[in-house]
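Shown here is one chain on its own, the form predicted alone, set out as structure tokens.
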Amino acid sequence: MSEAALILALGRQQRNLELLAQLLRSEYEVEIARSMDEFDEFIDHRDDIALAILDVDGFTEDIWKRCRQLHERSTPMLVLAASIPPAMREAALSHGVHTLLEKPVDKADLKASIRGLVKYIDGAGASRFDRGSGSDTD
């Protein structure tokens, strides 16, 4: 039995989050946070978040503090935004974000980016979730 990787998605647009979850739930476990408080609750109580997807539109600069927290936990992040000016790109990357995509995002591009990040996690950080298992097989 294999467990699906947990993806935590943050965003203000409920419909976009629903579509994102619908797109990903066949391959991953998806939890949704619609506010910083909900997001903080998840990251405070779940240590198995494999990937965070953050739709940063509508959030304040505090979003980068959350990115720093996730980075310190070695949680890969994908940021979505309607526009990604150079200053936002710099802020995101300096806070540990791995991938930035401008909306609207092609579903195939989004899924490919997520699969790539999850493969990265499985390859580079497998021990992060399997510490103590003693197994290094697939």
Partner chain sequence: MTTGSLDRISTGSEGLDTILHGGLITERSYLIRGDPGTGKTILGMQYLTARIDEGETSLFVNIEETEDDIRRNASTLGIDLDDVHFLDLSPSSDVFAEDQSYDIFAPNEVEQDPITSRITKEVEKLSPDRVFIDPLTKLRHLSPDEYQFRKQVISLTRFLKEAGSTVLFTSQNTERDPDDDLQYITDGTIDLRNTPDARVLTVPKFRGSPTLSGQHAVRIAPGRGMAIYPELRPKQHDREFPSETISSGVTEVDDLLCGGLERGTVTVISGPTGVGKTTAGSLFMKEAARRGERSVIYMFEESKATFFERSESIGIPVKEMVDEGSLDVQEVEPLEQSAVEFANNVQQDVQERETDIVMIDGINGYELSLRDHEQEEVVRKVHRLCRYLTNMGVTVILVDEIQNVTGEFKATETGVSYLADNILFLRHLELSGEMRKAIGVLKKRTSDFERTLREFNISSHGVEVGEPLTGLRGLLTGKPEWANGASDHDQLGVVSEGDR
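Positions refer to the first chain, counted from 1. These numbers were taken from a predicted model, which means no experiment stands behind them.
The form predicted together with the partner chain exists for this protein as well; it is not shown, and the discussion that follows is about that form.
Visitor: In the predicted complex, does every one of R25, E29 and A112 come within 4.5 Å of the partner chain, counting any heavy atom?
Guide: No, none of the three is in contact.
Visitor: Just give me the single entry in V105, A33, M88, I43 that has a non-hydrogen atom within 4.5 angstroms of the partner chain in the predicted complex.
Guide: Comparing distances to the partner chain in the predicted complex, the residue within 4.5 Å is V105.
Visitor: Quick check on D57: any heavy atom within 4.5 Å of the partner chain in the predicted complex?
Guide: Yes.
Visitor: Do A92 and the partner chain come within 4.5 Å of each other in the predicted complex, heavy atoms counted?
Guide: Looking in the predicted complex, residue contacts with the partner chain do not include A92, since no heavy atom lies within 4.5 Å.
Visitor: Any of the heavy atoms of L80 lying within 4.5 Å of the partner chain in the predicted complex?
Guide: Close contact exists here: in the predicted complex, L80 approaches the partner chain to within 4.5 Å, heavy atoms only.
Visitor: For the stretch 14 to 34, I need every residue with any heavy atom inside 4.5 Å of the partner chain in the predicted complex, listed N to C.
Guide: Going through 14 to 34 in order - heavy atoms within 4.5 Å of the partner chain in the predicted complex - the hits are Q14, R15, N16, E18, L19, L20, L23, R34.
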